[in-house]
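Below you will find one chain, with nothing else, as structure tokens; this is the form predicted on its own, and questions on how it binds or moves follow later.
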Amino acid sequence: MDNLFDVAIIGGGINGTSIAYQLAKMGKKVVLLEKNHIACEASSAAAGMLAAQAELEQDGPLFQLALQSQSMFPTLSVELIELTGIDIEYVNKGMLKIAESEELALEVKKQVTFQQKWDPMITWLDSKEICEMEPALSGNVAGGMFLPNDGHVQPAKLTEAFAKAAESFGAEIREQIEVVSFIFEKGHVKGVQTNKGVIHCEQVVVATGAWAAKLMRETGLDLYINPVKGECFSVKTEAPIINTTIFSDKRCYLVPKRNGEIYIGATMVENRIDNKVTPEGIRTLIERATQLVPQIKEAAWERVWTGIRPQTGDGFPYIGEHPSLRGLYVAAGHFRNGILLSPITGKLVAELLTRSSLLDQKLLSAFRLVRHKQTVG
């Protein structure tokens, strides 16, 4: 087996596979190493919302990164199905960010004014207008912001499509291989030691989400990545009861998928890295969801699951090169925006590794691995 590559990517999640795809498309000899199987963690647990403007409420590098990435999905969905035959189920029927009280309505109206600078199609809908758009919604809703360009995808299918597309350009995907350490020579990475031997390469990208900090600690770099467990469940209806994604300020969302399922999530439990689904977590979600859409009570139960999100101290992902070890890069800490940011993350990292003149250095500097502000906000 050939163990000599240009780049080794550690982590077979949404960002690792996106990076592999972009680098392989550029002609790099790439190997992706995953200790379990592709999309086995957060990438298959996410609901797949592309909520650039529902979740991010102020301008800045992360907001601009999210807008760029969101705009890539229409072309990307076509590109991936042509290369792999995998439909990532890109749906763009918009999102309703709900205000459940008059007090919250004032806040959401302010967000509408701000967001219209970037998308003039974003509008405020009062309670009557929302119920006309989504009749199944509770009549107690005070109003909400309609974001016509916030869609969603199937995250596991997107991850699989990235991986297959990378393979179509010559990348190797190796599952059940765990990286245990890095190999350095005179301050430059020369490969990785795995549980199945040595992989030789000149560049390594760590894209292991909530587990990135542990792997990087041996290099003397202390990344602030806090695992946050989220619990979700889904129901299924014979006929659609909602058409748009419903996003509540109480941190509950309902995402209607093509197959009739509605994904409902998500709880947030910090510093937890187990995959247990708790009765209390699911009870809380059921209560919130049925307050918003009472018909959920009559839907058929499908399944429950958990995912571990990687949260950073300042809310920004880490995307950049190690400050003292050449050729070692990190792309991790995307928290609730991993699916949304995956296209732009793959593009940025590929441009960074190839020293592309297209790289937006000013934007990327906000996500460097060594940052002054490391407090949770």
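Quick caveat: nothing in here was measured; it's all calculated off a predicted structure. Start at 1 and count along the sequence shown; that's the residue number.
What comes next is about the form predicted in complex with flavin-adenine dinucleotide (FAD), which does not appear here.
Asker: I need to confirm a contact call. Of 54, 325, 352, 40, which residue comes within 4.5 Å of flavin-adenine dinucleotide (FAD) in the model of the complex, counting heavy atoms only?
Answerer: Comparing distances to flavin-adenine dinucleotide (FAD) in the model of the complex, the residue within 4.5 Å is 40.
Asker: Please tell me which of 296, 125, 221, 177 lies within 4.5 Å of flavin-adenine dinucleotide (FAD) in the model of the complex, judged by heavy atoms.
Answerer: Selected residue: 177.
Asker: Determine which one of 226-234, 138-146, 101-109, 163-171 lies within 4.5 Å of flavin-adenine dinucleotide (FAD) in the model of the complex, judging by heavy atom distances; exactly one does.
Answerer: This holds for exactly one stretch, 226-234.
Asker: Classify residue 46 as contacting or not contacting flavin-adenine dinucleotide (FAD) in the model of the complex by the rule of any non-hydrogen atom within 4.5 angstroms, answering yes or no.
Answerer: Close contact exists here: in the model of the complex, residue 46 approaches flavin-adenine dinucleotide (FAD) to within 4.5 Å, heavy atoms only.
Asker: Examine residue 20 and determine whether its closest non-hydrogen atom to flavin-adenine dinucleotide (FAD) in the model of the complex is within 4.5 angstroms.
Answerer: Judged by the heavy-atom cut-off of 4.5 Å, residue 20 is well away from flavin-adenine dinucleotide (FAD) in the model of the complex.
Asker: Given that the partner is absent here, does residue 307 sit within 4.5 Å of flavin-adenine dinucleotide (FAD) in the model of the complex, heavy atoms only?
Answerer: It does: once flavin-adenine dinucleotide (FAD) is placed as it appears in the model of the complex, residue 307 has a heavy atom within 4.5 Å of it.
Asker: Does residue 90 reach flavin-adenine dinucleotide (FAD) in the model of the complex, with heavy atoms at most 4.5 Å apart?
Answerer: No, residue 90 sits far enough from flavin-adenine dinucleotide (FAD) in the model of the complex that none of its heavy atoms falls within 4.5 Å.
Asker: Only counting heavy atoms and a 4.5 Å limit, does any residue of 179-218 reach flavin-adenine dinucleotide (FAD) in the model of the complex, and if so which ones?
Answerer: Result: 179, 207, 208, 209, 211, 215.
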